[in-house]
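To begin, one chain is listed below as structure tokens, in the form predicted on its own.
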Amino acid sequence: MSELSKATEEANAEALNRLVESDPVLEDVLPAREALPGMTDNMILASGPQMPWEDYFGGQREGIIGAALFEGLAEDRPEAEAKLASGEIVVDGAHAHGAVGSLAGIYSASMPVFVVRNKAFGNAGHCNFYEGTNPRRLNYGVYDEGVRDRLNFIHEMVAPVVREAIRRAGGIPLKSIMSRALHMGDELHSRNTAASLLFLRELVPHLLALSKSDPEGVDKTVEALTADHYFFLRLSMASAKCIADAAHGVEGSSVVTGMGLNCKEFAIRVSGLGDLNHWIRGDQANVEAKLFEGHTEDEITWMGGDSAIAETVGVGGFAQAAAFPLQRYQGDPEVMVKRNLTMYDVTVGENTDFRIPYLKYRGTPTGIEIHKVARTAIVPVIDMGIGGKDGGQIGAGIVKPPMNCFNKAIEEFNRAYG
């Protein structure tokens, strides 16, 4: 074994240790302009590696325009497009500001965001709120009167109540919720049923206290938190963001610390290659989707997505064998188990806190390693919702990164380390 190989193995062991030892704690809810480093009032964030405004298209472009209108940065669509083209309204990637965005990944300055602090390493991760059960959502590239009203409901009703409950609790540890949820049928990406209920349980004593002074607000907030089973996804994403960022910047490490896509391309980050905003870009991802009734494959469109941060830290598609209720979208249980087992072939170790009961409580495969991906020709498996060309969610399934991301990363790694 060469000296470089020994150094890389040691660096990868350190990156894995940071992934495993991280301890995400929900501290607060704040407007994006206050929570996100470098966020300004005239800025809109989107998911995936950052691009010039003219490169955005489809649902992600529509989401950015919608955010400009929602935030009052423009009176109408033509004015929004003109200001975006001139740079008066700035577009940037959410990752560059310590945040991750679902699908189109849209943030504007006033949006409330969860502030999740990594207690072990001190860094923070952020994500905005789930918009609700309606498939027409801003993060799915839609902006209309209904979307505006639902966003206002989150801003004015749900976020203030949740913020006050979190503050009364003195913060809510999230790792224990995530660990328990994996034992209850979740994989913390496409399925968050148990995690959402476990999180609500943490809030209940504080919501009861708040209900004395704001019964309507608490009633409506509880209704929003329990309308379906996806509320915790945004907390899972914020947790994964602060976990992954803690493992970035380890000299000589070839562990992946970020995966994401915009409407144009898929990209990865590697711990030992560049700063937090350095992306290695490749082709668009591949998808195997189960579509909702009435939709066809020709409607599938890419509009971005940072939620693959879950798989980056060893959950989501790397914990499919913990979430058999997802078989409607992921295949029968045998397929899910087999797919999950292949992820051990492309990772540097196992998570000591995230465990899969069906696999005899084996730790989830954690720490994607670029050389193992290339050598085995096995790419990471990502559980993800699927957007449609006319906006909205039309299905869910498996997304797989292109191999050329990993090949490019190896070329860059070789240039950097010999």
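Source: prediction; values computed, not measured. Position 1 is the first residue in the sequence shown; the rest follow in order.
There is another form of this protein, the form predicted in complex with a further copy of the same chain, and it is not shown here; the text below is about that form.
Student: Of Asp149, Asp76, Glu251, Asp332, which one comes within 4.5 Å of a further copy of the same chain in the model of the complex, counting heavy atoms only?
Tutor: For this set of options, the contacting one is Asp332.
Student: Only one of Arg167, His295, Lys119, Arg180 comes within 4.5 Å of a further copy of the same chain in the model of the complex by heavy atoms, so just point that one out.
Tutor: Checked against the cut-off, the match is Arg180.
Student: Does any heavy atom of Phe153 come within 4.5 Å of a heavy atom of a further copy of the same chain in the model of the complex?
Tutor: Contact with a further copy of the same chain, no.
Student: With the cut-off set at 4.5 Å between non-hydrogen atoms, does Arg191 touch a further copy of the same chain in the model of the complex?
Tutor: Taking the distances in the model of the complex, the answer for Arg191 is yes, it comes within 4.5 Å of a further copy of the same chain.
Student: Residue-level contact is defined here as any heavy atom of the residue lying within 4.5 Å of a further copy of the same chain in the model of the complex; does Ala82 satisfy this criterion?
Tutor: No - in the model of the complex, heavy atoms of Ala82 and a further copy of the same chain never come within 4.5 Å of each other.
Student: According to a 4.5 angstroms non-hydrogen atom cut-off, is Ser176 in contact with a further copy of the same chain in the model of the complex?
Tutor: Contact with a further copy of the same chain, no.
Student: To test your reading of this chain, name the stretch in 320 to 328, 340 to 348, 302 to 310, 285 to 293 whose heavy atoms come within 4.5 Å of a further copy of the same chain in the model of the complex.
Tutor: It is 320 to 328 that comes within 4.5 Å of the partner.
Student: Sequence order please: the residues of 250 to 286 with a heavy atom within 4.5 Å of a further copy of the same chain in the model of the complex.
Tutor: Residues within 4.5 Å: none.
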